[in-house]
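Coming up is one lone chain in structure tokens, specifically the form predicted alone.
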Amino acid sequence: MATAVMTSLDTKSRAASRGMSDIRIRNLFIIPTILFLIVFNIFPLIYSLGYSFTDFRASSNAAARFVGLQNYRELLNDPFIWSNFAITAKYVIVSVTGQVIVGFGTAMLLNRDIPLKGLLTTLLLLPMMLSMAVVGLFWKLLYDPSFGIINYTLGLGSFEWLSNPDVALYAVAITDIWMWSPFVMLLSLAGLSAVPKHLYEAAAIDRAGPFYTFFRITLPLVAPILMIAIIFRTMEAFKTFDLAYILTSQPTTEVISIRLYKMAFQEWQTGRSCALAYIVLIMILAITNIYVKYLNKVKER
């Protein structure tokens, strides 16, 4: 009896000890993480929001003067800013559409029983593991009108890809498609592998054609995960800066991130650039919200 009581007490003591230890470990990890988020994420957001209502210039020693909503009004009435938004929207549509078509198409091919499937999948994932700077410089060489392999392969002679204002944005979008289609492919493969095989077997018994099978079975079941890929890629494409900045300096490729960079660090309009950053943030949140609502509708079907 005494032994049983001692054992019970030891068990409770060990549990209490584990509980204290768990709380201590939890505090050791959670508190620093919260402090890190506050210092490096939330505080700059609040600080820049305050500057967006001032005429502050980081290059000047003059104190920031409160101007209310003037920066927001001027930006929203500036046709050049809307031109940058239009270029960004065009880039996002071309880039994300291309990534979905190429990524999903590749996933459909890899979902079959083909030799060296694992090796092919790994090789196709390599582009998105590279840094933006490396990819930008690599494709700058490929697009070179004198010795670039793209002109040589397509027989385009000395065609200018990056200095042609009508083509430069598409050249940047093609590079982005090459780099991030594997991301869509990876998510699509996960969705395709989760489709129950008995649905295809039932469709085969009913003599359903490939067109019917794709649009009635495959696409509806993969659509939710495909929507998640589209949300991620749209947000990233909207914020793109590196590729467009490295590849070309055409006015027709000046997406909103490049305009924001120039306004903040070349023209030193700090308060105005903070206001533009918040306008961009609100637009991304609005677009994401629309996508999420559509994703919920797709899930309910």
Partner chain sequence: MAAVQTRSERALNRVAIAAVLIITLIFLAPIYWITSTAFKPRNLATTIPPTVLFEPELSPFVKLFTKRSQLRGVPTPEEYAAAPWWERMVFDGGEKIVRSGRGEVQPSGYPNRFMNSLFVAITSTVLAVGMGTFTAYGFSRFRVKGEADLLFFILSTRMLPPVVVAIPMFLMYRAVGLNDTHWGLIILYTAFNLSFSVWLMKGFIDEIPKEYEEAALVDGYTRMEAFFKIVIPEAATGIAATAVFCFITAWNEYAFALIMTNRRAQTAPPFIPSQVGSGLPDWTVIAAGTFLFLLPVAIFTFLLRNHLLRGMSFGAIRK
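Positions refer to the first chain, counted from 1. This is a predicted model, so every value here is computed, not measured.
From this point on, the text means the form predicted together with its partner chain, which you will not see here.
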Its partner chain in the model of the complex has a heavy atom of only one listed residue within 4.5 Å, and of 156, 208, 109, 199 that residue is 109
Of the candidate stretches 134-142, 159-167, 85-93, 68-76, the one with residues having heavy atoms within 4.5 Å of its partner chain in the model of the complex is 134-142
query = residue 253 near its partner chain in the model of the complex, any heavy atom under 4.5 Å?
reply = no
Considering non-hydrogen atoms and a 4.5 Å limit, does its partner chain approach residue 178 in the model of the complex? yes
Query raised in the report: Can you check whether residue 64 is within 4.5 Å of its partner chain in the model of the complex, heavy atom basis?
Result: no
(Q) Please determine whether residue 234 contacts its partner chain in the model of the complex, using a 4.5 Å cut-off between heavy atoms. (A) no
Q | its partner chain in the model of the complex reached by all of 171, 226 and 290, non-hydrogen atom within 4.5 Å | A | no
Within 117-134, the residues having any heavy atom within 4.5 Å of its partner chain in the model of the complex are 119, 120, 121, 122, 123, 124, 125, 126, 127, 128, 129, 130, 131, 133, 134
